[in-house]
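What follows are structure tokens for two forms of the same protein chain, given separately as structure 1 and structure 2.
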Structure 1
Amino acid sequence: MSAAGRSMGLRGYALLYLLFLYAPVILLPLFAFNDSAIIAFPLSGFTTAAFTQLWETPALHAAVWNSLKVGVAAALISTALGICAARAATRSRFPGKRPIMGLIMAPLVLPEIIIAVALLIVLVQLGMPLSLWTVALGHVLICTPFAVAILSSAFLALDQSLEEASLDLGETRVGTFFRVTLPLVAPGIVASLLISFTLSLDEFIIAFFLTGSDATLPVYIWSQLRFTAKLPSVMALGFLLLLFSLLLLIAAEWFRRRARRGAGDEGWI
């Protein structure tokens, strides 16, 4: 097969893959504006009543606020831990470096339900009451590997001679880190914050196991799926959540590429 044929075949495969992956997502706006509680074709009509209903549901507002609090806390803590881990992984040599980094990145490959059950058992044994803080701790565990991956790329792209020049000019290592290193990797930090917040906002399994009486947004959505009359508002909420998540991911990718361009490398990680 010629190179042109392979290229066309690859493009066709990518198109089919994207269609298979995102076709269910395309149905969200269709049924969100559908004037019927039955999620099926043919569509009965156009309406925005489901979106109006979202503004009149106090339980939904509380769930959104809970998710925002958990997401911000998880993003800040996981990014702070990611900065420390990425800095150590890219600039230091110490015994057991690979096993330690492997353990940090392990949540990327472990099933979330296993993590959730293990965390639940540990927290119960420690006598900690389930609350939004326990959900935030669980989200930190799964968000930290993503933060480490993003920030490691930012640290590797940073020219180490800039830090050495700062040290040669008399600045301390702590001062160099805060005045030189952090500003240069700031786009990576912002990308890590946005990705971590998005992951926390959309995460359901750990929140379901570790939440107390205060439900997060995904748990609230799951609770509404049992009622047929609530399905249109759930579809509308899912559509808005999808748009918000896409905007955050686009912003995170923009900051990630900006960090790569700042280092003179526009390629993909």
Structure 2
Amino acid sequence: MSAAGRSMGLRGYALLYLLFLYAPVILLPLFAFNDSAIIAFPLSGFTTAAFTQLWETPALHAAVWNSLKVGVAAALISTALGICAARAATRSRFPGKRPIMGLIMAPLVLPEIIIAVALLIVLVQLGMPLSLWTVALGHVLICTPFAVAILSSAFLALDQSLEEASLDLGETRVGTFFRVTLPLVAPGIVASLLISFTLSLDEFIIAFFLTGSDATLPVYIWSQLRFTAKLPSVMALGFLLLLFSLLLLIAAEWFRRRARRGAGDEGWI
């Protein structure tokens, strides 16, 4: 096969693959606006009734509010922890660095159910009541590795001699952090906040295990999946969530790139 033919073949495969990837997502808007209680083809007509119904469901609003609270807390804490770890990992050598960083990054490769179970056992043993706080504690655990990864690349893109230059010109360490380091990694911090928030917003298993009486959004959706009548509104909710996540991600990507450009690195990945 010629090189051009191979390229065409690959492109065709890539398009088919994208179709496979998008198959479920395309259905979201279709059924969100479909005028039928049953989620099946053929489609019967256009309606925005499902969206109106969302507006009139207080339990959903409570769940959205809960998820926002958990998401903001998880984003703030995991980004703060991420700054510490990323800074230490990119700028210093210290004894035990590999095992320490390994433990911090471990949630990336641990099944979420294991993390959820482990935390549940501890909380039950300590007699701590389950609440949104306990969900947030778990979410911080799984968001931190992502924050560390994003912030590490931001710190790596920062030329170390910039901070040395600041010290050399008489600025203190603290002053250097605020006058040089922070402005230059700020976009990375914003990206980390946005990604952590998005992850927390979508997380189900840990929330399912660790929440008390307050449901987060995914836990609420889980409870609704059993009721056929509620499905169109779940579809509508899913569609809105997708749009919202996309917005956050585009913002995060924009900030991440600015972080690299700001530090003089134009490269992609």
Partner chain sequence: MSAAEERAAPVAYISPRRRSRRIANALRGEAAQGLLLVSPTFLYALVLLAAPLALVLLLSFWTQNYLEIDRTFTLANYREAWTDPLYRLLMLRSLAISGIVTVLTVILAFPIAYFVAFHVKRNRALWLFLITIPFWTSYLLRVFLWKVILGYNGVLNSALIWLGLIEEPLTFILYDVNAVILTLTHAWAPFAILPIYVALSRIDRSLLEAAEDLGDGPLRRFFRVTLPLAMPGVLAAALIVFIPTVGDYVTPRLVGGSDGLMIANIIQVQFGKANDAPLGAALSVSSMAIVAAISLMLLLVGRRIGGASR
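The first residue in the sequence of structure 1 is number 1, and each one after it adds one. C-alpha atoms forming the largest set that superposes within 1.5 Å between two forms make up the rigid core. As the structure is a prediction and not an experimental result, all values here were calculated from the model.
**Q** Pick one: which structure is the form predicted on its own?
**A** It is the first structure that is the form predicted on its own.
**Q** With both forms fitted on the core, check whether the Cα of residue 25 differs by 2 Å or more between structure 1 and structure 2.
**A** Where the cores coincide, residue 25 shows only a C-alpha shift between structure 1 and structure 2 that is less than 2 Å.
**Q** After lining up the core, report the Cα displacement of residue 15 between structure 1 and structure 2 in Å, one decimal place.
**A** Comparing between structure 1 and structure 2 after core fitting, residue 15 shifts 2.7 Å at its C-alpha.
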